[in-house]
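Next comes just one chain, in structure tokens: the form predicted on its own.
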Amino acid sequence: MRLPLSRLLAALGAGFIACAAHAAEVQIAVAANFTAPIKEIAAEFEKDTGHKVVASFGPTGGFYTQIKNGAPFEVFFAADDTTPEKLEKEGDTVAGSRWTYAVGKLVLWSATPGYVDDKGEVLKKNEFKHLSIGNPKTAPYGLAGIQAMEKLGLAEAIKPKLVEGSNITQAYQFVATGNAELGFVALSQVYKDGKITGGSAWIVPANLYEPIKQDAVILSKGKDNPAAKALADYLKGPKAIAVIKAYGYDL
């Protein structure tokens, strides 16, 4: 049976209104290293679900302080597993919602092609003036960089040359703008689809630093928000996983 045009349009309109009524907005706090992947994922999530994502990017330690002070975040994507676990123990999360969404990799990177060799010998030569790193107290990738230099026995020699960024994005920017010849950054910042996107890099062997397990969790403020649960579920699906892997993360 064919519906009259007026009835068909009315039915389509009702369906649109119903979808709009079920769409929601979710506010998320995202570790700086995961900026590019979550932007891609959020765009697809919004198209697929109708929900809207409002994201803030920064250091994991800083977000912890903001969350404890009442920030309106509903989902937290950390650069470690200890901070979400701490929030969980302190009763600031939805029980059972924490999961590991990515395992990060550390890279020594320079914006100059050929500057960093594929074995990291540039560190031992120590002929550079500045090496950029994220604040190891608040940025897990910064801590990983310190751990790698300590394992290599180079920490004391390089310490006077360190330029510290407040987070991994700032550490990256110091190198990208030439304020530091090289720096420890997240692989995801300089890698896409199987290759380094520019400059030169040494992917630091995983045995030189503690595993960077990155956990996410639905915070208490997102308990009754359907978009928070939907986003968490989406991150575990094939589309999101493909994006995460494309940026060099393990799962």
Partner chain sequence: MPLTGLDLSAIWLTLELASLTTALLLLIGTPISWWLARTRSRLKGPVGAVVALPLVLPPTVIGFYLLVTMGPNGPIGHFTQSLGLGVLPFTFAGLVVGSVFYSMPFVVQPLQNAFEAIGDRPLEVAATLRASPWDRFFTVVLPLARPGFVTAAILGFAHTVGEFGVVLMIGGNIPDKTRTVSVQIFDHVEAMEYAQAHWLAGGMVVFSFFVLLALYSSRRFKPALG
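Positions refer to the first chain, counted from 1. Quick caveat, the model's predicted, so the values are computed rather than measured.
This protein has a second form, the form predicted together with its partner chain, left out of what is shown; the following refers to that one.
Location of its partner chain contact in the model of the complex, chosen stretch of 92 to 100, 142 to 150, 129 to 137, 113 to 121 [non-hydrogen atom, 4.5 Å]: Within 4.5 Å of the partner lies stretch 129 to 137.
Indicate whether its partner chain has at least one heavy atom within 4.5 Å of a heavy atom of Glu88 in the model of the complex. Glu88: no, not in contact with its partner chain in the model of the complex.
Against its partner chain in the model of the complex, would Thr197 count as a contact residue? Criterion: heavy atoms within 4.5 Å. No.
Might Leu162 be said to contact its partner chain in the model of the complex, defining contact as any heavy atom within 4.5 Å? Close contact exists here: in the model of the complex, Leu162 approaches its partner chain to within 4.5 Å, heavy atoms only.
Considering non-hydrogen atoms and a 4.5 Å limit, does its partner chain approach Gly178 in the model of the complex? Close contact exists here: in the model of the complex, Gly178 approaches its partner chain to within 4.5 Å, heavy atoms only.
Spell it out for me: taking its partner chain in the model of the complex, does every residue among Gly104, Trp109 and Gln214 have a heavy atom no farther than 4.5 Å from it? Spot residues vs its partner chain: no contact at all.
Would you mind checking 50 to 86 for residues with a heavy atom within 4.5 Å of its partner chain in the model of the complex? Residues within 4.5 Å: Pro59, Gly61, Gly62, Tyr64, Thr65, Thr83, Lys86.
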